[in-house]
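First structure 1, then structure 2: two forms of the same chain, each alone, as structure tokens.
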Structure 1
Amino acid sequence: MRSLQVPAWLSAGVLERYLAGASHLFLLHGNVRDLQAFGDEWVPLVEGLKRLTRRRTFVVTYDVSSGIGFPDAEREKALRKALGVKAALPADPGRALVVLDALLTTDRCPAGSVAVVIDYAHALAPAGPAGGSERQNVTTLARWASDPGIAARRPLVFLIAPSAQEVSDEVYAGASGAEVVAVPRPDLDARSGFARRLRADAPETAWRLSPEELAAETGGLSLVQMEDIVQRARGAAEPLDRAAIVQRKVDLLREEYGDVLEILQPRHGLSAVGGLEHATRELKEVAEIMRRGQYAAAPMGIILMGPPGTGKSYLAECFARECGMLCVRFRPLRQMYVGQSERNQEKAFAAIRALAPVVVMVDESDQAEGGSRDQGTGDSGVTERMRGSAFAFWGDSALRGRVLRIDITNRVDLIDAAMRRSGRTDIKIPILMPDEEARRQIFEVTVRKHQLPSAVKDFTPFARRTGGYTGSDIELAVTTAWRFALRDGAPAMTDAHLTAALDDLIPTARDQRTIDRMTLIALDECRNKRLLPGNADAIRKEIEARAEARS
């Protein structure tokens, strides 16, 4: 089997374990509908497994749609002779498994001579409550994995499904169950090799980037999706450039993962952030680390914490743009159907691994994954299982530098302590109400960000006037001033327009006591002096003075 060059995941996850006698039945899940490199060719996974087992006398494939199949007539003849079957081979799952079971258990097949590939295994033995026929299928597959008599015959059995959680866990649960092997998305080397083949196959396409650049821009995509991008450019006789690739990539990812992840396209970098020097300085340094690929120095996670309206979500999006990385956000994963919430979470985590390098934004993270473990749930353990899976995923050190989680929260104290610890969250930055200088910068940055014509020379008087305003309040005032300028037919926003906008604006009513509490919590949670705003001590004293005055 090793004479054929095979993908690294197959060699490490299957062949080494099989040759060591650790398992003979493998559940392959994940990127199972992609092309895989077997030898010098890229072929579908099932075809590749046929090539892998080509030296075996008995090689059989099965799925509920096509029934029992063979690589060639000789393999079919060998099975019929060994089992004494002359009639048409059955297609329905129950009877087909009887034939395959006989093949795996008969003394007429020498040890090491049988290979079975069952595609769409989730249709055969689905997760969740099973009916009579499905229950029999589940039992048969579980027995194949645990029967020492079958193991002694050294068959090689593959079950293929898009997700392990879509297959009954009885098939792979426990030490004697099927070995679960994740099929990953292609890495940079695999994409580069495939891109070179695509270029050779499409010489008439106007390539405005090299195969290596195509590979770099298509991180997270499958080879089939890469081929789709090139074929579209080829069919439309359009040049293959970065803009076309990025847009098609986002469209493909939304089609594939849109039910569990929102794909974001931030428009601005950190230069479009005003008044948060302590935060932007740190985030620019992290972004540079990510761009240079110095993953050992990258944080596992970042928390942006502080009162609402201070620009935490916007700052996170600008950081993702600065990194040049894909940015995603979770969609609601909880569902009413049994097991669906956990399957959604597994799909989301698998997608994040596939899309790496990626920034994952978690808005209102104090309410994500069920909040604190001290809160009661009454949901039959779903929250606890999802929380445990989340802790395991976000604590995986292999994700460092490849997946960066950014928590956005008003109440960091409500995030589970296990998620806030070092190793899951390494940087905690307070994002607080802006002071006068910060408000002046926010006025200036907002005008630049929206590319508004402005005749205002100095925003200091307006910053002085807007004490207690958040960044979102100031942005609303600026855009309203531009609206007033348009109404007057003016070519640019003037001091008078901005004054009128501030006179018109009624700031959002805020509970100062609540804001003070959120501010103190954020300051207390910060563990690095460099990440505190320069006026942190003054802010704390001001809050203490207000508290004393109230008492």
Structure 2
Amino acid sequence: MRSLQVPAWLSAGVLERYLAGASHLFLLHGNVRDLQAFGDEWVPLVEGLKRLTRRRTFVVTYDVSSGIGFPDAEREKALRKALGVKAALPADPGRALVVLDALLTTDRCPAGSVAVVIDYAHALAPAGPAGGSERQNVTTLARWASDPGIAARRPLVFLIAPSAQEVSDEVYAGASGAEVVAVPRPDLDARSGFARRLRADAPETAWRLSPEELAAETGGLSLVQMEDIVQRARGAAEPLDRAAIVQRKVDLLREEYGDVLEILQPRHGLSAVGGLEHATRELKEVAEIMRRGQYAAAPMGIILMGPPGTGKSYLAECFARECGMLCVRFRPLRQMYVGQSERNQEKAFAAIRALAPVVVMVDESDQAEGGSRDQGTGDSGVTERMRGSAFAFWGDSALRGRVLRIDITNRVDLIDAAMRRSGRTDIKIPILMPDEEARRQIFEVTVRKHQLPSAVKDFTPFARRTGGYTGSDIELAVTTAWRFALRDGAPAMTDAHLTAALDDLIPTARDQRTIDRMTLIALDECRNKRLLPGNADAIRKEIEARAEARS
């Protein structure tokens, strides 16, 4: 019966625990300003909770701005009668909490008859140093959570806040009757159901895609945001198509998470990668697993390692596109002020959880997360705390298949060993300087990728003369050649243009010794033969020969 439907997080996170007698005070945080499916309808959270508690004799809502409220006059009468209150009910937090406290502790209410919903709990009991009245609120709420006398009366108390971190942890930490419950973003099923409703509600809009496709394209968005997308199309009398949805989605997510995560929009799949056959083979397989949602088989993390300019970031983006998952870049979060970076990291993690399923790129990860354990810093343990929380987050196996971390690094040895071990990272692929054959493929793929008209039949001679060039060098050469062609008014780029471009190009200056070192580190870190490039042994020998020559 659909009319009995409640959100999954509510049944599992709240109701089972309340009914088992384990907890009676729940701090709901996360996606709390969204619509939720209660029965046949999608309603705001507080309204849904009112429906849930409809059969309780005493139901009271409270928030700092509107004061004490009731679902109906009958509930108000019941409270006034039970507490003997005739005067107007107080709105200021201190005195309002006294009324609610009386309701929770009086013997006049039979066990299991009281429900209290407090919205904007962070305004009532904020985290951090609090003034006198706020202290009092914190203490009152903490007592509600831990007093066995209150627990025995079986009330149901909800506190609602956008983020649990904004509510003083004294309220819930260590309290036997309290539980912090994250309200997640809607999953595919929830979005599909809502999309069908939206379609039924907006029949005049031209739907260029099915509700199921709309749901699939809106991963990471809340239902309110989905509604906004459809309403905009309706308001502008424009058709609702995939491109518009994806653009709007990225805009919305940037607005929301732009300060801690970079939302990427990869345009190419793995077929647009030249060379790197050992890597693309493996990544295509993983992408297939992710697309099918076979979460148990999905890796927790992937490390792409090797010297700079070898196309690691590009490879990761193409992989994200291939998976059909949202792709974000996790920004290095060390800020000048201690505490700020810690909060940002928590915010980023919360965002990643909310956006799942998602591919998270951690670029130059040896710089992120406060660096390695070995580099001691004098920041009073913040780094250590952030490290701990990062390990806990990335090691959470509940995220397997839903959050895929891709590390991109040229010094894999600088990533903390604990993060590198299997369980947090399952696949480590060395991405090295391209050999001649790989360079030939890079030429071809670059031309194809940018859809450049080309009269060049065979790239082999160019591949031969570009020893020591990286993929990005080659890409630059090809695009320069096209510019030369345009300048000449030629319909297509020719061998002459490409030769001229290569003559013109000064490849990125590199210290061969550093590159060799990075290459060896990457090769040593790799744990699977199938993930080594085919010429790994040859590369190793070359490097050894160079080292010998130097000494």
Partner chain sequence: MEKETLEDHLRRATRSFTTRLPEERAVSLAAELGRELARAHAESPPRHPDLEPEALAVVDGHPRLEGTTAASDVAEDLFRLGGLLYFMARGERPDVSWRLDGPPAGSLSTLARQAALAALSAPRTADRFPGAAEAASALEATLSPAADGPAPWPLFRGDPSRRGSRPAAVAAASLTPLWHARAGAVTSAPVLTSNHVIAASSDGRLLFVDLASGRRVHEMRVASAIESSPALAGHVVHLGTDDGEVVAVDVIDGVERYRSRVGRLVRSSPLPWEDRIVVGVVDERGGGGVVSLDAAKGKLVWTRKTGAVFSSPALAGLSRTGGVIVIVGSDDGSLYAIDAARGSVVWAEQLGGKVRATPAVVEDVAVAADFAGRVVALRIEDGRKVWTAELGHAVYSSPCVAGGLCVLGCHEGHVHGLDLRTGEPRFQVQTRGPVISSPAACGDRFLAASTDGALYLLDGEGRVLYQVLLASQGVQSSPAVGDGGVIAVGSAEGLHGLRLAP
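Here the rigid core means the biggest group of C-alpha atoms that line up within 1.5 Å when the two forms are laid on top of each other. Reference numbering: structure 1, starting with residue 1. Quantities reported herein were computed from a predicted structural model and do not represent experimental measurements.
Checklist entry - Only one is the form predicted on its own; which? => result Comparing the pair, one sees that structure 1 is the form predicted on its own and the remaining one is not.
Checklist entry - For Pro434, is the CA shift between the two structures at least 2 Å following rigid-core superposition? => result No; that C-alpha moves by less than 2 Å between the two structures.
Checklist entry - Arg191: CA shift of at least 2 Å between the two structures after core fit? => result It does, since the Arg191 C-alpha is displaced 2 Å or more between the two structures after the core fit.
Next on the checklist: Following rigid core alignment, is the displacement of the Ala73 C-alpha between the two structures equal to or greater than 2 angstroms?
Outcome noted: No, Ala73 moves less than 2 Å.
Checklist entry - In Å, how large is the CA movement of Arg208 between the two structures relative to the superposed rigid core? => result Its C-alpha moves by 4.2 Å once the cores are overlaid.
Checklist entry - What is the C-alpha shift for Arg234 between the two structures, rigid core superposed, to one decimal in Å? => result So the C-alpha of this residue moves 3.7 Å.
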